[in-house]
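Have a look below at one chain only, the form predicted alone, in structure tokens format.
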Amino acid sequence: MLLGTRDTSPNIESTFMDNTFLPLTPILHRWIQDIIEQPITLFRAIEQHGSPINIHHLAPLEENIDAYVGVLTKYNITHKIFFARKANKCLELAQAAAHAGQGVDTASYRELQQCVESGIANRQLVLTAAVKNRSLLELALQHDITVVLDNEDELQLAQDVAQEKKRTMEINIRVGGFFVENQRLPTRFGFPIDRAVACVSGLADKYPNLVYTGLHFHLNGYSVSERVAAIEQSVRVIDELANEGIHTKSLDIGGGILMNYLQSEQEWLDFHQALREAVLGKRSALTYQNDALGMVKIDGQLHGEPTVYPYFNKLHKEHLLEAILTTPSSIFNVPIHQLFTARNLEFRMEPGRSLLDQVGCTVAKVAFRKEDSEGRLLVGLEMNRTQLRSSSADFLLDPIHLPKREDQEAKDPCYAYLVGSYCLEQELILKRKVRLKSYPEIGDLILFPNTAGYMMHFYESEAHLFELAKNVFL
């Protein structure tokens, strides 16, 4: 249905006058602004590669690395930043991190194998996979890759593999269960921090082919105070081990460093307030079928919070790292950064999402326009929901509509839900209603900004035998 001949029935017309849309305006890097202003390249790329495509640019990755390095250098901390490759599968990103002098955190056999085969040095690689089988540990041992071990079964398997090959394996011990305000932080990973000294001090006798070099942790959530507590308690373990003659070279604080996607804090706050009002029936729905995005309504009361990433953050990336490093330690009575410099302890971290801030976008082609049974405008895209998905209940950024005809730009905006190609009622690309520049035409493009971190690949699937999206670099 073209703009000039659209149906003027009440349901369709209402899509052009919807006042329930609340904007969530994304931050756009200059390279993304450039391709939006001159979208002919995108239309050609879709024609060549099919829809959707993932477009990447390495310059923001280098900028993000430099920002972290700048903070660590400012406080004279010996460091190594390992890019968490699980956030995006493109090997070019791992190679770029290594070329910048940093490292790559690998979480599977193929991730590690590809990095090794691409020529990334063994000292620039670490293996942290949640499940490690014999073949994976043999690969790490073959190339002298440091392995982070999580439990006694992994220790025993690593010992068996190293002993059979008559070699030694360099390992880090993962710890968890830190205490914050006299409460233990729950986790399913790592050795309890209060048992870490006993664990490490007993390694030499029980697992003689394993060589301990460092501690590692990764916290769920984004709290500065929890990371400070974890560092303090880990350093206390490191000091106790030193008293027993056991040297620790590095402390790895994992990832989970916040980034910021949105221009406006007020837009973020307004959306959350309006979402609650909508779910309680106090205003029109903002999401498809009034989805509560993880909140639960019981007897007219809302419980919990939306299970979404905090897309707006004042304190993020290198500023959050600096906040951690400058916090005074309540245990040692010095700033956290001095805990590393005083012990010549290498600081390690494994950011994924935050290193990929502004590195990529996803672009899809409009396939159809229709109404659902309730009269809501649906715009079908040649993609599926797994190609724009993370653990967040929705990706809360406004997409960008790129009409194929320039004269569409001056027309009235409309409001719609974006749906995908899987044969499911719940096959929505975004659950939130979005604003389009005009009534879309078949062949128009929708650009989703800042998707390189987790959104492109983490849950991507090939149901219906659809091909995976092509990944291209500018």
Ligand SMILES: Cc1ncc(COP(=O)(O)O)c(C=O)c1O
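Don't overthink the numbering: it's just position in the shown sequence, from 1. What you see is a predicted model; the values in this text were computed from it and never measured.
The form predicted together with this ligand is left out here; the points below concern that form.
- Checking R369, H401, K132, R174 for any heavy atom within 4.5 Å of this ligand in the predicted complex turns up a single hit: R174.
- Comment: this ligand is not present in this chain, but in the predicted complex one of I193, V379, I257, L262 has a heavy atom within 4.5 Å of it, namely I257.
- At a distance threshold of 4.5 angstroms between non-hydrogen atoms, G352 is in contact with this ligand in the predicted complex.
- Proximity of K86 to this ligand in the predicted complex falls within the 4.5 Å heavy atom cutoff.
- With a 4.5 Å cutoff on heavy atoms, K365 does not count as touching this ligand in the predicted complex; it lies far away.
- Looking at K317, you'd find every heavy atom of it more than 4.5 angstroms from this ligand in the predicted complex.
- Note that among 322 to 330, 207 to 215, 291 to 299, 344 to 352, the stretch whose heavy atoms approach this ligand to within 4.5 Å in the predicted complex is 344 to 352.
- Looking at this ligand in the predicted complex, residues D150, F178 and Q233 place no heavy atom within 4.5 Å of it.
- Of all the residues from 444 to 474, the single one having a non-hydrogen atom no more than 4.5 Å from this ligand in the predicted complex is Y454.
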